[in-house]
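Same protein, same chain, two forms; see structure 1 and structure 2 below, as structure tokens.
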Structure 1
């Protein structure tokens, strides 16, 4: 499969007087798995739909490699049906009046690429392990199977990029974890560029090469999962990704950096244990520091109400100005 990079340049979007995307630039590298992460209403889905052409930006430019597919200045706007992308919808959007086979074959037929159609559809269904379900209708499938049909439909047209709009949110927790792995493996096997929208930070961290964290129409940070976690650029990112313990308004550290025994170059804080839960690999304590709640991971159980000393290395404290 071919793959492309996607450039969003100074894209903005508003509905009436409500601005949902402030001028933003984002370069999605080819063959990368990029996640747009943020709470609901942050504009991540709008951004994805603008790449697909389902929403039209108010200004800016979008390029697939060197081809301009949208430009407000040059008055270019390639419609969705000409952009040649794969898309996996949140509600799967399988056509209820078509069999699994016809659902998957749709994109090939629409583009009149019907040579070896049967074989191509079968291959795609095989890739998602649904080769025996070709004659079923969507309502005869489970949620996870519907999800895989939606995925097969996206890969069969050999798109240069696949867009995912919260595709796992309709599934239950266990299935979600399984599909997470399946999608990641398949996408990397295909070598295709993938853009994935989610509000679930665990999904974002575990699947992506790069994460763009969005808040209220702004891209707060665009970096690898490791960087986003260990070096958050804004307070919002620090709070939204992972647990953060705030020393004051401008300084925080991640729970795993706290020690219960004295170490060099560290500050000491006294906290009160409020509540504790056993997670199997650790005890997680909710503790009180001034008016903040800190998470701490400890090996042994501690008494609720007890006061303990916590040591935080200076170089692990992240500051915001």
Structure 2
């Protein structure tokens, strides 16, 4: 299966007087799993739909490898069906009156690519471990199986990139966790480029090679999950990704870096215990420092209302100018 490098150069989008994507540049490496992460209304789905050709930018350029598929200056706009992309949507979009086989075959038939159709569909179903479900109908499948059919339909056309628009949000928590792992493994095995949209930071952190964090039409940071978490470039990223304990308006640290015993090169803070949650492997303590709520992970249970000293290494405090 082929894969592509996707380049969005100074891309922007407005609806009337409302600008939803400000001039943004994003380079998505081939064979990588990139997630567009952010709250509702931040522009992540619009960005995905511009890659797909389902939305037309107001300015900028989009390249697949060295081929320009959109340019406002050059008046180029390749239609969606000629961009060679696979789609997996939030609602699965399966035809209820068609069997699993026919749902997967639909894209091939629509594109009049019926050569070896049966074998291609069988191969796609085998890739998602549904080869024995070809004759079933969508209503006879579980949510996870329906999701896999949608994925098979996306890969059967041998796309150079698969676009995922919040595909797991309709599933329950346990199934969502299972499908996160399955999609990550399948994308890796296929070696295809993937772009995944979600507002769920756990999905983004656990599945991605790189994450683009968006806020109000701006790409706040584009980096590996580890870097986004440990070295957030903006206050928005620090607050949106993971738990952050704020010392003041410009200084924060991650909960796991706090200790309850004195250590060298650390600052001491006194906090009040508000309440605790037992998570099986640790207690998550909600504490109060001045007017801020801090999360602390502790091994021992502490009395509500008690005051404890917390030590934070100086080199673990993240500062924003």
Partner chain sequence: MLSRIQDNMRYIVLAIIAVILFVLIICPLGAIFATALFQDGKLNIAGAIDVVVQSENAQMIANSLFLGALVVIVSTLIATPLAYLFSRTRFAKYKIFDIIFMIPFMTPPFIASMGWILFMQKRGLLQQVFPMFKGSEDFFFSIAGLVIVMSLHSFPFMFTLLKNAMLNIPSSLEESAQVFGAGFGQRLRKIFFPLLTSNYAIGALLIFVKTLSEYGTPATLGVRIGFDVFTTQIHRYATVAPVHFGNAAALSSVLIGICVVMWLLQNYISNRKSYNLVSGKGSRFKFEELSKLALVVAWIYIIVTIFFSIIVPFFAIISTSLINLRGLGLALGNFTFQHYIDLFTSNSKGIGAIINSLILAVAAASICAVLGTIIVVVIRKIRPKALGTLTEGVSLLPSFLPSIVMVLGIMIFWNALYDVAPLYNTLGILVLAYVVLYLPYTIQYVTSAAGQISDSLQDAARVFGAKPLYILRRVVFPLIKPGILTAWIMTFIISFRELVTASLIAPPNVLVVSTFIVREFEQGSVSVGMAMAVICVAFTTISLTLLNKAVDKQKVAE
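Note that the structure is a prediction, hence the values are computed from the model and not measured. Positions refer to the first chain, counted from 1. Rigid core here is just the name for the largest C-alpha set that superposes within 1.5 Å across the two forms.
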item	value
Which of the two shown structures is the form predicted together with its partner chain	1
Post core alignment: residue 98 C-alpha displaced by 2 Å or more between structure 1 and structure 2	yes
